[in-house]
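The chain below stands alone, shown as structure tokens; this is the form predicted on its own.
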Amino acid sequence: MNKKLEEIINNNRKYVQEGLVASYIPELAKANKDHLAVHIFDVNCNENYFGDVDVKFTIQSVSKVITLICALLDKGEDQVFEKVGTEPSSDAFNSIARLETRASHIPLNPFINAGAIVTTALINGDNGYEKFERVRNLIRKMADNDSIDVNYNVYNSEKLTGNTNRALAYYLKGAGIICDGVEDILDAYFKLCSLEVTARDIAKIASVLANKGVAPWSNERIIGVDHTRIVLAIMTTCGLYDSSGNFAVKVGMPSKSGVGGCIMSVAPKKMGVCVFGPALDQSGNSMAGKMVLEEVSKELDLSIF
């Protein structure tokens, strides 16, 4: 399998030249666009990998999956989906347009920035730091790695340049969608996006979702079956922003991307997969990573469709 993954990485390495690293967050602009990796962790705890798997990167929007899980655990399905929708978006991940034009003013789904700000606000905690700790602790548990923590260079860079997210959050506050202090919620949101991980961490998180919410290495149930089903459904329809439909056709696995270059994919009952490649397409998804996942999905017959 490792030999096959080496072949797939080498087949698709050329695509890194077609993408660009995220530059709207200055610290992310320092990433090496040539990095490319794939890591698989299956439900029987077998691992296969190739490429730059030891390179650390920030989790960015992949954290939104775990934030949604925490919100569901803390508030329940009905209360969460009163505040955020479950529909795909054809707009950019940081767009404010639909908030203004939808009669309810609620974000379309939990994986665009506005939706993730709402789910962050829904997490239990008296302040932003307690909300952040709640999600970080679940990320650590799902990754089986207690050392996962914030990259403060990225966090400070995000906080200094996050004015679009501030606009989204203040609009949500004005519309009565969130009630807590905006800056407190945003601080938790920025810290969660700035958690530093490896491809193995993300593959293990994905393996919990693949195993119906049970950690393969301990057989401990971390997430209920119903919540796992909800999360996987929204990952399938909304996980790659405005290119989610095309990705579903070509790859066919519930997935979530982040502008740090990571894509987390789930093959239900089989395995978790992480690809990492900081060179992004126009939608903010890893350019070469998408191509690697397409080949992995075909080679291993992982599409859910």
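Quick note: we count residues from 1 along the sequence shown, nothing fancier. Everything numeric here is computed off the predicted structure, so don't read it as measured data.
The form predicted together with a small molecule exists for this protein as well; it is not shown, and the discussion that follows is about that form.
Colleague: Which residue, A31, C238, V259, V53, is the contact with the small molecule in the predicted complex, using a 4.5 Å heavy atom cutoff?
Modeller: By the 4.5 Å criterion, the partner-contacting residue is V259.
Colleague: Using a 4.5 Å cut on heavy atoms, which of T198, T228, N165, S89 is close to the small molecule in the predicted complex?
Modeller: Contact check passes for N165.
Colleague: Would you say all of Q60, E158 and Y189 touch the small molecule in the predicted complex, counting a heavy atom within 4.5 Å as a touch?
Modeller: Every residue of the candidate spot has a heavy atom within 4.5 Å of the small molecule in the predicted complex.
Colleague: Out of the stretches listed (264-272, 251-259, 37-45, 65-73), which one is close to the small molecule in the predicted complex, meaning heavy atoms within 4.5 Å?
Modeller: Of the stretches listed, the one contacting the partner is 251-259.
Colleague: Answer for N113 alone: is it within 4.5 Å of the small molecule in the predicted complex, judged on heavy atom distances?
Modeller: Result yes; N113 sits at the interface with the small molecule in the predicted complex.
Colleague: Can you check whether C193 is within 4.5 Å of the small molecule in the predicted complex, heavy atom basis?
Modeller: C193 belongs to the contact set for the small molecule.
Colleague: Examine V16 and determine whether its closest non-hydrogen atom to the small molecule in the predicted complex is within 4.5 angstroms.
Modeller: So V16 does not count as contacting the small molecule.
Colleague: Verify the contact flag for M287: yes if a non-hydrogen atom of it lies within 4.5 Å of a non-hydrogen atom of the small molecule in the predicted complex, no if not.
Modeller: Outside the cut-off, so no.
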